[in-house]
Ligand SMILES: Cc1ncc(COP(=O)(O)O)c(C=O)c1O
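First, one chain by itself in structure tokens, the form predicted alone.
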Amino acid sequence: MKIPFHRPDLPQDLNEIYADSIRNGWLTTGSQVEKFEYSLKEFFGSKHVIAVNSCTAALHLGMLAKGFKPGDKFIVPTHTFVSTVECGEYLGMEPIFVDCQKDGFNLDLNQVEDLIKKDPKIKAIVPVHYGGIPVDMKQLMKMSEKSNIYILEDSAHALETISSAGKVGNTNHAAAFSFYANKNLTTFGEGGALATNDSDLAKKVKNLSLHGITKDGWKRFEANAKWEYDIINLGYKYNMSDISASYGIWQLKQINDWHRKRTRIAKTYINELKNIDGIVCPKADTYDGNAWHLFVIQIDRSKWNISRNKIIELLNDKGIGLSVHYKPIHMLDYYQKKFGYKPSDFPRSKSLFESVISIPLYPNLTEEETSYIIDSIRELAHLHLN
């Protein structure tokens, strides 16, 4: 059996997702992007959504629009993908890394609080809802209010996540989302969005997302429309196309059903794997508010006679696609050379990196495939547990 790590949901006929505007030749940013943004606003309960071409773009613009400058600092987890950190570095800001909480994957808020108290140059925090597991945003918001610190949520995994502060995306700060190929919703492989209730921030991000131009391209080229426009900021080419948005609109209509299916599969995994000695499953209480973008098991390395990487290799040999999320930022060559980090500097993140395996989790994963994955892990545990 061959089971890929991710398998996207596609309509039987791609033509059914295309709007009349696309059929009539409008392919770039236009009415479908506007419709997609409106649908996302309804989904998040937010006042504003700006669709862009990646989550990285949304993160960059979410920082840029706040006017941060070189010398400013921002807090970010080391246990994340590099784009979380790049968004501030693009502006010349200095990242301040934080380790994971002792019993989870998200950033340690106790460390965050200590750092805020010590360093007035910290202007922003970029928390990551790892795998769809919500950060305690109510507590983090209280910290930010005391020190007037901006929060830009990296919500790449968190489309359906609900935190202690409510629906992720419904925020007076900002949240950035990913519609990459393997995310819970994709816009034809690439895409992202920024959600906020801050009208001024939304206006700046919208303007910066397309060259700093004062008028949407599709409105400039309508029949009888005035062509004239102005450039009011140094902007970027981060806009989303109508073709991408039309695919996102089709996917969003099914997102709640897909979330229920992923949650059901996650419960099956936990029920079947939790009693295997040497495997640590996500906590059962993480059902609440979890988007279930990833299902990550941890290998108790003291109980296995083979390495984590060998376990992955043997499961790959059985046709099961797997991944590792993530190699911590402080362990990457660029950041070690630039900041002098050592692998041991953030021990919890390092330990997670050396023990985690992400197994397939998506709506069209069949019961037969789910059982095969579980049975394969059981068989491997029977052979290789001490």
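Numbers for residues come from their place in the sequence shown, where the first is 1. Here the structure is a predicted model, which means the values were calculated and not measured.
The same protein also has a form predicted in complex with the ligand, omitted here; what follows describes it.
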query: How about I50: is it within 4.5 Å of the ligand in the predicted complex, going by heavy atoms?
result: no
message: Taking the ligand as it sits in the predicted complex, is S54 in contact with it (heavy atom to heavy atom, 4.5 Å or less)?
response: yes
task: Mark A175 yes when one of its heavy atoms lies within 4.5 Å of a heavy atom of the ligand in the predicted complex, and no otherwise.
output: no
field: Residue contact check: L159 to the ligand in the predicted complex, 4.5 Å heavy atom
entry: no
query: Counting only non-hydrogen atoms, which stretch in 335-343, 54-62, 29-37, 355-363 is within 4.5 Å of the ligand in the predicted complex?
result: 54-62
- request: Answer with one of G132, G248, G169, G191: the residue that has a non-hydrogen atom within 4.5 Å of the ligand in the predicted complex.
  value: G191
query: Pick from L185, C87, A291, V128: which has a non-hydrogen atom within 4.5 Å of the ligand in the predicted complex?
result: V128
task: Select from 67-88 the residues with a non-hydrogen atom within 4.5 Å of the ligand in the predicted complex and write them out in sequence order.
output: T80, F81, S83, T84
